[in-house]
Every structure is written in structure tokens, then in C-alpha cells.
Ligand SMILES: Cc1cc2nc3c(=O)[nH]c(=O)nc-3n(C[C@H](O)[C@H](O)[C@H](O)COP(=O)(O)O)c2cc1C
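This document starts with one chain, in the form predicted on its own, laid out as C-alpha cells.
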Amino acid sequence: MAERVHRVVALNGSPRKNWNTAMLLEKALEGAKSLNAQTKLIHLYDLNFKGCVSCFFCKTKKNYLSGRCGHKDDLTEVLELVENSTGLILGSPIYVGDVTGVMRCFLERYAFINLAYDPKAFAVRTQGQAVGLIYTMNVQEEDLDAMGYGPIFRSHKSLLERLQSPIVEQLFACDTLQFDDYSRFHAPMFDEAHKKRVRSEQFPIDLKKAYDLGRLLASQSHSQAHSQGHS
């Protein structure tokens, strides 16, 4: 494996490039840059890729230690970039109770190449990326468990921790603004005035949390890159 670079990569799992999720990811990368990390934002909806195709290339005796996916598509370079970076931020809106399909596909590919199939170890490698998980959604934070979201978010965190990510942090941006102009859409269950008030009052706080998250991951990943460079 190539020496890891002090780099934080952010993956946008939203089809929107300039709305809630993307804005939070950009702010997180701004925080990482403040600690001199290299940064890159990738929009998953721009790529042509699938989830795991069960080729089991990564589980063959010849290849399993490499941690490489054998299926070649637009995600191949992304996985290599992530592998050689020390920080990773995944951002996704919640669609129908879970992360978007493209983010789920990424998680399958990212996780499976490091899944050991070994009773003595869950992960192939003992050192992963410091990971931040950013979720955007309509529901209020106190309703996450009632909506069934809590177990999903906890399962993501648990999986990444078991894959040996040295730090896994989550940020929840709740009750987010969906549209610039609610009058154009049939969405009577939402109060436009309330949504815009949350946008003006709470979303700046969420952006600050994202910035701090980026700094946290960059500080962790910088230490990781430094230690690897002197190992």
C-alpha cells in the first residue's frame, strides 16, 4: 500500500451539489484545510458504479491482504484515493429511512474489501481512516429513534469502528430546508416559515459543527500520517 497522505476526502451522497449535505461537507473540508490537510470533495451521483457484485476478488488468498476491490468502474479510483488518505467524511440525506442508494453502494464496496472472513479478526487491516458521518434529514433530532433512524446510524458507526477506523464521529442536521420556494410543491405537512426559521437559526450552528468535525478528523489523520511516516 502506498504511504498515506494527510488528506481528508469527502463523499457527497446527495444528488444536489449546493444544498444542505454539500454545504456541510464543504464546511467540514474548510475545517480540515485550516489544519493544512489536503482535501477533495467527490459527488457520488457524478459517478457510474454499483455496490458489491460478489466477485470475491478481495477474498482470494492472493488478494485479500491488498484490500483492493476487483470490480473496475468509476469507484475504483475513489477507493484508491480513500485508501491512501487518512480522513474520510461521508455525507448523505436520508431518503426513505436510510442513506441514499449511491452511499449505500459505496459503503458496501468500502467495507467488504476490509472484511476479513476470519474468526480471529473482523478486519483485514488494523488501521483505517478517521471517519466523519454527516446526515441531513427532515425529522427533528428527538424523533430519530421513533422514526427508526437511530439503529441505522448506530449500525454505520459500529461497522466503521469494527473496520478499525481510529475515530468515527457523527453529525445530524435535522429539520432541514427542502426547497427555496415551498409554494411550488405539494408538501402541506411542512410549515415553510418554520423550515426557514430553522435554516436561519439552526443550520449555521450545524455548519460550525461540520467545520469542527473537519478539524477533528484532520488533527487525528495528521497524527496518523505522521506516525506512519516514522514507522
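One rule holds for the numbers: they count along the sequence shown, beginning at 1. From a predicted model like this one, the values you see are computed outputs, not experimental measurements.
One more form of this protein should be noted, the form predicted together with this ligand, which is absent from this view; the next part is about it.
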(message) Can you tell me which of 106 to 114, 154 to 162, 92 to 100, 70 to 78 lies within 4.5 Å of this ligand in the predicted bound form, counting heavy atoms only?
(response) 92 to 100
(request) Check whether residue 211 has any heavy atom within 4.5 Å of a heavy atom of this ligand in the predicted bound form, and answer yes or no. (result) no
(message) Can you tell me whether residue 39 touches this ligand? I mean in the predicted bound form, with a 4.5 angstroms heavy atom cut-off.
(response) no
(request) Report yes if any heavy atom of residue 133 sits within 4.5 Å of a heavy atom of this ligand in the predicted bound form; otherwise report no. (result) no
(message) Does any part of residue 220 reach within 4.5 Å of this ligand in the predicted bound form? Heavy atoms only, please.
(response) no
(request) Find the only residue in 34, 63, 202, 178 having a heavy atom within 4.5 Å of this ligand in the predicted bound form. (result) 178
(request) May I ask you to list the residues of 39 to 68 that have any heavy atom within 4.5 angstroms of this ligand in the predicted bound form, in sequence order? (result) none
